[in-house]
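Okay, so here's just one chain, in structure tokens, the form predicted alone.
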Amino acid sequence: MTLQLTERDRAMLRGDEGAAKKMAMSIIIRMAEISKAEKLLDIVGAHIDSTVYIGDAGLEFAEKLASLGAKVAVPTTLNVSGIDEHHWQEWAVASEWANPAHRQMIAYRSMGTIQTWTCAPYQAPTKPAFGDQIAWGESNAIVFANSVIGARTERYPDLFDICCAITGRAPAMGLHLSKNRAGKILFRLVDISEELQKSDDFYPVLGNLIGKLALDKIPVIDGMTIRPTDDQFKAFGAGAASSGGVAMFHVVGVTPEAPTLEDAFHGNEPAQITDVTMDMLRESRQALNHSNSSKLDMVAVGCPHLSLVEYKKLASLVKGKSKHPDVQFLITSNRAMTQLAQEAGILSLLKDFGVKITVDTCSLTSPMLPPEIKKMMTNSAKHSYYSPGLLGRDVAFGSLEDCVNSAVAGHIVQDERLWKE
């Protein structure tokens, strides 16, 4: 199969539009050939996961592009950095890490990108629309864009995402194509109460379960009796993209490409049908708890980044309460949501409670936690799934209200009422 290139593609490959586009286009063409794409397509936006500093190679790549004068061709948002640019000294971040991480920020900033520094670009005003072809990195952003918005992106790896942004082109492959967006596995919710479905902690638990069972196949969820909020969808998608390789899901009657079960499967029969029961959900919830004691050193929320709605909910939960002095409470979010929270008068209330806020990064991607933090609690399936391996910490899982109550009590508190038999 021969890859079809336009005259503009060939011009970029020759270097007619500069060395940076030549380098980026050469990588895109090689990736397109490997994926057996027949052609390239135009994209209208990009989200760059390569901003996360993980070592010299990623930094060298970014600075090489910057030195060649690279500029993005489409509106391009940025994922989290390895540091909170202005407050990293307040945490256990070594300068040997902070300095190259900051250099990587500078390199991507120089390319004309939008300074979002967030894993949740769908919270930004520049989020894509239904049907838009985009090139997004960051697993939870990819699954949200494909599933909830109905935009179209493959699961873009680091370094490749910025090449697409610079050229405005991407291989016509995978989830960019309608034929690849059909559901494969059907998950039927069985006797799951509407009260539980309304609860925020239902979605990370369900996502963790679906990810493990679906792996990289597109799951279809049937039997949901309410429409989840964007933050609930965020928590579900992040969980499914962490425990599995889910890049897209359908919820029948809710998500835009699944008004009916038949639409979700493009008229095909599901390859597998699984009934999701309360026993399965309880097992999934238990799997997110890696702590075997009630001891608690830190509560961490905002993975993916805390939205303004979540800021407001957290403020309502801490109002009139005092945090236990032995427990730290960490919020990770981005500069835009945090500024909106500041303008809404929320931050002063949170800081009175004793919350610490770090922006533009995440405790999973920055070595910011001091060694005395050993026992953590979170409301995030993603944070819980990755923390033992990435951070070497024991983590307990609970709702946002559980997290606040635990911070007040000084030990892990979990409300079991909705989860009991």
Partner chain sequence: MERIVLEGKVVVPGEAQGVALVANEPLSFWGGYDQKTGEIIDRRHVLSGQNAKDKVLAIPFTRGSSTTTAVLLDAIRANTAPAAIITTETDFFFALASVVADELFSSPLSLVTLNENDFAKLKSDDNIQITAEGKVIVSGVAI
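Just so it is clear, the model here is predicted, and its values are computed rather than measured. Residue numbers count along the first chain shown, from 1.
Omitted from view is the form predicted together with the partner chain, to which the following refers.
Peer 1: Is the partner chain in the predicted complex close enough to Asp230, Arg335 and Met377 that every residue in that trio has a heavy atom within 4.5 angstroms of it?
Peer 2: Not a single listed residue reaches the partner chain in the predicted complex, so no.
Peer 1: Is Glu195 near the partner chain? Define near as a heavy atom within 4.5 Å, in the predicted complex.
Peer 2: No - in the predicted complex, heavy atoms of Glu195 and the partner chain never come within 4.5 Å of each other.
Peer 1: Does any part of Leu400 reach within 4.5 Å of the partner chain in the predicted complex? Heavy atoms only, please.
Peer 2: It does not: once the partner chain is placed as it appears in the predicted complex, Leu400 has no heavy atom within 4.5 Å of it.
Peer 1: Classify Tyr156 as contacting or not contacting the partner chain in the predicted complex by the rule of any non-hydrogen atom within 4.5 angstroms, answering yes or no.
Peer 2: Yes, Tyr156 sits close enough to the partner chain in the predicted complex that at least one of its heavy atoms falls within 4.5 Å.
Peer 1: Please check if Glu283 has a heavy atom lying within 4.5 Å of any heavy atom of the partner chain in the predicted complex.
Peer 2: Looking in the predicted complex, residue contacts with the partner chain do not include Glu283, since no heavy atom lies within 4.5 Å.
Peer 1: Which one, Asp352, Glu38, Asp42, Glu60, lies within 4.5 Å of the partner chain in the predicted complex by heavy atoms?
Peer 2: Answer to the contact question: Glu60.
Peer 1: Work out which of Ala287, Ile114, Ile218, Met298 lies within 4.5 Å of the partner chain in the predicted complex, going by heavy atoms.
Peer 2: If I apply the 4.5 Å criterion carefully, the residue I get is Ala287.
Peer 1: Looking at 114 to 122, 136 to 144, 254 to 262, 308 to 316, which lies within 4.5 angstroms of the partner chain in the predicted complex, counting heavy atoms?
Peer 2: Among the listed stretches, the partner-contacting one is 136 to 144.
Peer 1: Suppose contact means any heavy atom within 4.5 Å; which members of 34 to 61 contact the partner chain in the predicted complex?
Peer 2: Residues within 4.5 Å: Ile34, Ser35, Asp49, Val52, Ile54, Gly55, Asp56, Ala57, Gly58, Glu60, Phe61.
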